[in-house]
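Single chain ahead, by itself, as structure tokens, in the form predicted alone.
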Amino acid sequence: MERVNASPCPYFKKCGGCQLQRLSYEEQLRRKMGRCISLLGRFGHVEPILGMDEPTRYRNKVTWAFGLDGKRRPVCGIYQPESHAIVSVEDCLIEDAAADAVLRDIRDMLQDFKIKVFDERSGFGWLRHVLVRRGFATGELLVVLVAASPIFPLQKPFVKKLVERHPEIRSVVLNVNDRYGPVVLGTREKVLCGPGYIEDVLCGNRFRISPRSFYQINPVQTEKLYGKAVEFAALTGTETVLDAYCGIGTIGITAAGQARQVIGVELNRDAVKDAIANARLNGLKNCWFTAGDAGEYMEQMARDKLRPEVVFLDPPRSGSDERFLRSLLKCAPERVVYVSCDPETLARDLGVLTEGGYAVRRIQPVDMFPYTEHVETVVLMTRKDT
């Protein structure tokens, strides 16, 4: 096994986020390729993994936790794995440098503006997390202050000073999370400056990104990932495409120029609003997005004898549930393009779909998360009777 002499990150032993940092990047790719072959090889040939030319500073979304350490001193940084202990960091080699600079300045401004960090044990304090999103193509920054209360006495001078230091900040949002639990963002928001979102360019299209929108964290590799997904779909301009788990519409909008129409279905209503805005932003008139359960939507399509030729699905790490997969089998599209962020749950779901009449035609791993164990995969399936 090819190892580097030492980890380039001083937080490696405490943080635990970059599990593969002591391996050379070439060895990381070999390890991920081997894992994909082990889990997915029974379904067909696994094509060589697509890696990065420069596998650092790729995260366009950065979240730091704010709290108290064991000696009751304010601390901010990254949670240790399976723990609420915060590792104090200055800089992370896989996070966007501009985002980290904003986070450091916010940390340094706390005392001047009399901002208390939140103490999970007592429930006192105000600031819980800060989330920064950056559009790599546009350079725009979105700063989200996650607080236990909507009351922010020195809001205007704080925001003014922060934007003066970082003029690339397009918007600052206050998100209120007064609940205990692992979820970072609450449901209430107040825009403190700007429009409440940023924009970025991906695969030639412009996308609006709000605080709670799902947007792939590695835009460089996302171009490769979505490029492969659309290539696998083999669109001719005549197809109806269903984009399940559509989020803010990134995959569907990327495919829209080669399809007759795109229908996107997503449970998150905020994401659907962004998807509708993104279709307008790109002048697309053949995209339609709705809030709802994609499985139920496909069941209704099957009852109405409507069948999309292509279904894209990009589920969370847990994969698709059995009900969704059964709905997909009832809908019976000619081609299914499955974008997965976990080869284990992907293998489980492919087992259900191949038993239900589909054959796996292509398997393409993409390294979306260098230095971590995670790997993304695009799979093309077609019905065995076509």
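All of these numbers come straight from a predicted model, not from anything done at the bench. Don't overthink the numbering: it's just position in the shown sequence, from 1.
Keep in mind that the form predicted together with a small molecule is not shown, yet the notes after this line are about it.
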Checking 195, 227, 292, 150 against the small molecule in the predicted complex, the residue with a non-hydrogen atom inside 4.5 angstroms turns out to be 292
Considering 268, 282, 300, 286, which brings a non-hydrogen atom within 4.5 Å of the small molecule in the predicted complex?
268
According to a 4.5 angstroms non-hydrogen atom cut-off, is residue 218 in contact with the small molecule in the predicted complex?
no
In the predicted complex, residue 315 touching the small molecule (heavy atom, 4.5 Å)
yes
4.5 Å heavy atom contact, residue 74 and the small molecule in the predicted complex:
no
When the contact criterion is heavy atoms within 4.5 Å, does residue 247 count as touching the small molecule in the predicted complex?
yes
Quick check for you: of 167 to 175, 181 to 189, 307 to 315, 123 to 131, which stretch puts a non-hydrogen atom within 4.5 Å of the small molecule in the predicted complex?
307 to 315
